[in-house]
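Let's start with one chain on its own, the form predicted on its own, as structure tokens.
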């Protein structure tokens, strides 16, 4: 009896039993093997990696101090970047809301529309903004139009998916009450669905506008307008002080966008 009590006292509590620990170790080993295989397969030139700190130091020395030359052009490009993000967000609203409506299970007219809406949302989110920009630059040529359309086609998936989820989470009782009175479909949407999703709508649009500002800063690298065009030109001509000025301007723009969106969301929510 004493020996049994002593054995119970000597037991140490463990979160996982022996089988679970072996499974966890096997998963960890498999993960490490996959990571090792991936690193070997991408063929990294390691001398460049080890020399990266020196290169960063040299590049920083060439960038400092930032150059004020062409500051007016940089500011105009920043304004163009904001215009791209704002116009793209505005256009996305008119395209994404119908898609969100047919992609929500409780408002879609039929299964075909449901899968069509979800296909559009998945297709939009599957392609990166830069890829969309490259496509539209090839179609419309370099310029702001390609950048706006690239952000629009990328933003449809974001706004449409979140708005579709917001529509699916609405309270069905106001909808059923209006349908019971014989209200038309348009009135049901306007008076029973829209009021419930308006807070989510404003929050999603403001958030997407903030994201679009960030994304529009790099579209110029592929010729789709904005501050990225000047940045690419400065890099190509090794004008590193100008590159530093542009990078600082982009950081300031992103911070201002973050502050504005935080203020707007606090007012809405």
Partner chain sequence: MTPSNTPPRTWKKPPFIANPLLRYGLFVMAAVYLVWAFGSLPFNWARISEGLPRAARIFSGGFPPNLERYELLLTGFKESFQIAILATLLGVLLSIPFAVMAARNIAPLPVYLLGRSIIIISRSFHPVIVAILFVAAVGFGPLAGILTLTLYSIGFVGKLLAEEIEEIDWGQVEAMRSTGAGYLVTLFYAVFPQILPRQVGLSMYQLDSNLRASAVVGIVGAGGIGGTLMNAFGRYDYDFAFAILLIIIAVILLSEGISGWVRKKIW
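In this text the structure is predicted, and so the values were computed from the model without any measurement. Residue numbers count along the first chain shown, from 1. If you superpose the two forms and keep the largest set of C-alpha atoms that fall within 1.5 Å, you have the rigid core.
Absent from the display: the form predicted in complex with its partner chain. The rest refers to it.
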Answer option from 138, 114, 95, 75, heavy atom within 4.5 Å of its partner chain in the predicted bound form = 138
query = residue 35: heavy atom within 4.5 Å of its partner chain in the predicted bound form?
reply = yes
Interface membership of residue 126, its partner chain in the predicted bound form, 4.5 Å heavy atom rule = yes
ask   = Within a 4.5 Å heavy atom cut-off, is residue 52 in contact with its partner chain in the predicted bound form?
value = yes
request  = Report yes if any heavy atom of residue 232 sits within 4.5 Å of a heavy atom of its partner chain in the predicted bound form; otherwise report no.
outcome  = yes
inquiry  = Using a 4.5 Å cut-off on any heavy atom, which residues of 209-248 would contact its partner chain in the predicted bound form?
reply    = 214, 215, 217, 218, 221, 222, 231, 232, 235, 240, 243, 247
task = Look at residue 36 and decide if its Cα position differs by 2 Å or more between this form and the one not shown after superposing on the rigid core.
result = yes
